[in-house]
Structures are given as structure tokens and as C-alpha cells.
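One chain comes next, on its own, written as C-alpha cells: the form predicted alone.
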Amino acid sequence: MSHNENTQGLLSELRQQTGQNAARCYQCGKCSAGCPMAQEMSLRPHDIMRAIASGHEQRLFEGDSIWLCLTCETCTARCPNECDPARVIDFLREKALAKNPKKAPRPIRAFHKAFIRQIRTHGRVYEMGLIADYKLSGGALFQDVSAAPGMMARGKLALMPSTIDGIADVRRIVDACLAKSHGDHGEEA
């Protein structure tokens, strides 16, 4: 496949699946300037948009930039040309997972699974349970333990979980999504 065909293929697939056109990005850098993770990423949001527009698909999946995105949508809110880099990065994650379900770095997979378990169990995030689940399944166990006392003192970490009304509906939705994801990617999300 030629470079031009590769460029058009990725742009076309992105547009078809998300309605986004990465070629509209004129590289002002406002998205990256506001990104809280830009310093950690080898490809910042505007770099990702450029790599798609220029057909450098391999470059997009080599590092961990797409996995570091917080999906806070600051990049999207700051774009003067109404591009949606956060949605584009979600598309790239889906594409990477479709190719290789184990592509996401282990700590990110562990956090995702812990988060989903908390939502399924309580209908909302129980932070203490999320931290414990994540740390025991793949996170650095004692990496940030010194932050816990201050967070507890400020009321940021509840000792006991609360469960929402309608938890059965939430579990049904989560289970349906997990079943679809399991079928699409060959493993539990």
C-alpha cells in the first residue's frame, strides 16, 4: 500500500467511524498546550492529529501516548477549528485493541478492570475499593500510599462504599458491554 493510500485509508476510516477529519487540524498546538498529560506523551494531541493526517499509522501505535490520554477533553474544548482530538484518541485505542487486546500497558488494563468492577458493584466509583483493587492487580502497591492520610482527612476517600438505586440496571448495562467487548476483542474488558 502506498503512503497516499495509507493516509487516505486511515483518514477515511476515522471519518467513517467518528465523523472526525484529522486533516482539519491546522497544528496551532492549543490542544497540546492545555493537555495535562502532554509532558508525559511522546506524541501530544496535535502530533497525533498530524500523524493521522500524514498517514504515519505505525507511529501512532509505537508508544504509549494514546494510552496516557485522560479523555478529559481539554484538547477538544480548546480547539479553534472544532476538531475532537479526544474522540480521535478513543478511536485509536479501539483500533489498537481490535488488533491486539493486550496492547494497552498492563497498569492501564488493571486500572480499567478495577474501575469497571467498582461501577458494576456499586453503580459508582468507590475510591478506596478502586485503589485497593488496582494496586493488588497491577499497580505499584506502595507508590503513592503517603497521599492517603491527607485525602482521608479532606474527605476524599470514604471508608465505606455507597451503592446507588437502580444497581441492577447498571449491572445489566455493564454486563452487556463486557459481553460485547469480550466478543470483539477475545477477552474481558
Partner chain sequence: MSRIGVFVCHCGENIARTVDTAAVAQECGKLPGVIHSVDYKYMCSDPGQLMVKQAIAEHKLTGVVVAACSPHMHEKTFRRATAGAGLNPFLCEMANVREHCSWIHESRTAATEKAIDATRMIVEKVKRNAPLSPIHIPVTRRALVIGGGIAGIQAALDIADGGREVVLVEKEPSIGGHMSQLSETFPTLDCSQCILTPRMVEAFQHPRIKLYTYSEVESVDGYIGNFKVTIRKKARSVDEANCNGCGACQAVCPNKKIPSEFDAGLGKRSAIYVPFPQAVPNIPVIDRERCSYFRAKAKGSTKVVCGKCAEACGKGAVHFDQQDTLVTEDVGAIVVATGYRLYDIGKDQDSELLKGYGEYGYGTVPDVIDGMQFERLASASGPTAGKILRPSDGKEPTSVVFLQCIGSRDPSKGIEYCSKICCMYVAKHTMLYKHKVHHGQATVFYMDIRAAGKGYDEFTRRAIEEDGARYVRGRVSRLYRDGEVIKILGFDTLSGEPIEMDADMVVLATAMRPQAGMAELAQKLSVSYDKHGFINEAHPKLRPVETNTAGVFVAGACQSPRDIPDSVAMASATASKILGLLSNEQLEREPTVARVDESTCSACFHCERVCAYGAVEHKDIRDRSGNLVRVVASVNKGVCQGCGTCLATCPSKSLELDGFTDAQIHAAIMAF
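Positions refer to the first chain, counted from 1. Not measured: the values here are computed from a predicted model.
The same protein has a further form, the form predicted in complex with the partner chain, not shown here; the description that follows concerns it.
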query	finding
Residue 29: touches the partner chain in the predicted complex, heavy atom cutoff 4.5 angstroms	yes
Distance check, residue 129 to the partner chain in the predicted complex, heavy atom within 4.5 Å	no
Non-hydrogen atom contact residue 63 with the partner chain in the predicted complex at 4.5 angstroms	no
The partner chain contact in the predicted complex: residue 103, any heavy atom under 4.5 Å	no
Heavy atom of each of 33, 79 and 82 within 4.5 Å of the partner chain in the predicted complex	yes
